[in-house]
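One chain follows as structure tokens, the form predicted on its own.
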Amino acid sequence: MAEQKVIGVGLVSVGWMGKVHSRAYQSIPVVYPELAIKPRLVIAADTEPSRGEYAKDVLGFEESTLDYHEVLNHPEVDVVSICAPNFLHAEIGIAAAKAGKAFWIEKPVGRGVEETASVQAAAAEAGVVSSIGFNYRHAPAVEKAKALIAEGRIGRITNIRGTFFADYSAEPNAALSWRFNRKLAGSGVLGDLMGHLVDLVQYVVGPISDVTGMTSTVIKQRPIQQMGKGTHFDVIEGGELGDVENEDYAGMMVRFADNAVGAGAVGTLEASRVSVGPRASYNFEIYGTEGSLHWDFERLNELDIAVGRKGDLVGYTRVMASPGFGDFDHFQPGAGTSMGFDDLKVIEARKFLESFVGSKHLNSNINDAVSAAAVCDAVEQSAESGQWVKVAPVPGVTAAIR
């Protein structure tokens, strides 16, 4: 076996996603031994001291700190995971770039396209590798769908439908956390779920060129929660109410760019954080002249495929993910043994680290984040004006382009 390349890892914020990133790094030598890459967990930062201790005692980091600048300035840190709350992403992303550190950052990278573009500019000026937490594109069934479309198996793409419906804010007495504050979070479900959906369909079908949209705030007030205490999952009965400042629902009609695999295609995209029923129903339907595809994250190891319009077996066939579907065979030996959410982040870590060492460039990057943010911003503009809004192309994206 080739000598392993050790890559020093720094982490900013030891919350849920920070733990997921840490486990993903730890899995790389086991899941992808052929890469000969060994992440070394060097230092983690969190403003809560107990989380810093957890990073050392449980996650295996060598050091911890209360100041994220110590992570960025650490001489033995090569790459940084940025898992802080949304309103700190741009600040930390820019600082990471200026420190010369490659960074893997969760989305949304910024509170809108302007802030996201500021991180893009810093990364470009510093020449550092970036990767974005668009994890749904890494599902093996999604990778298979992308390949089938690129091979022309379902013909010319005609129309798509995508919905990202969740119930994580469906409880009216759920706390008024920073996620509902325009200054701290920016948009609501647009930046949170719609950004994922936009990236997903652009990755599989191609860049979106035009949108018309609408938004709605379904639950207009929530119980006030003290900053830094608890999460938006906390339920507060009988508390003082404050205004929700961003949208719970967003919907749009879209057209795809002429240079996309889906050139000439149209579609609809919807996202909601207050749906009662769907837990995490994140899905797309893609229709072509010779067939169609359907995938849902709640059944992430399955892909519904229909090819052709003749014969006695016309209609959908449910196909289980198996070796040959994306990275499936790195995790499971055969169909029917399922992968999970954390596995998608391991694939994401693999693509990031491969890009960092220069062997491949398959990861999402800051340009993809700008592209998704531009579409979401266009929806807000359209919701205000009632008009179609053009979306300028973003160079350097990993979207499906002819």
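Worth saying up front: this structure is predicted, and the values here are computed from it rather than measured. All residue numbers are counted from 1 along the displayed sequence.
What comes next is about the form predicted in complex with a small molecule, which does not appear here.
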item: Interface membership of Ala383, the small molecule in the model of the complex, 4.5 Å heavy atom rule; value: no
item: Exercise: Met17 in contact with the small molecule in the model of the complex, heavy atom 4.5 Å; value: yes
item: Contact label in the model of the complex: Lys56 to the small molecule, heavy atom within 4.5 Å; value: no
item: Contact of Ala150 with the small molecule in the model of the complex (heavy atom, 4.5 Å); value: no
item: Selected contact from Glu62, Glu48, Glu70, Asp342, since only one has a non-hydrogen atom within 4.5 angstroms of the small molecule in the model of the complex; value: Glu48
item: In the model of the complex, the residue from Lys107, Lys101, Arg137, Arg273 that sits within 4.5 Å of the small molecule by heavy atoms; value: Lys107
item: Stretch in contact in the model of the complex with the small molecule, which is absent here, among 249-257, 325-333, 286-294, 107-115 (heavy atoms within 4.5 Å); value: 107-115
item: Whether Ser13, His89 and Gly133 all lie within 4.5 angstroms of the small molecule in the model of the complex by heavy atom; value: yes
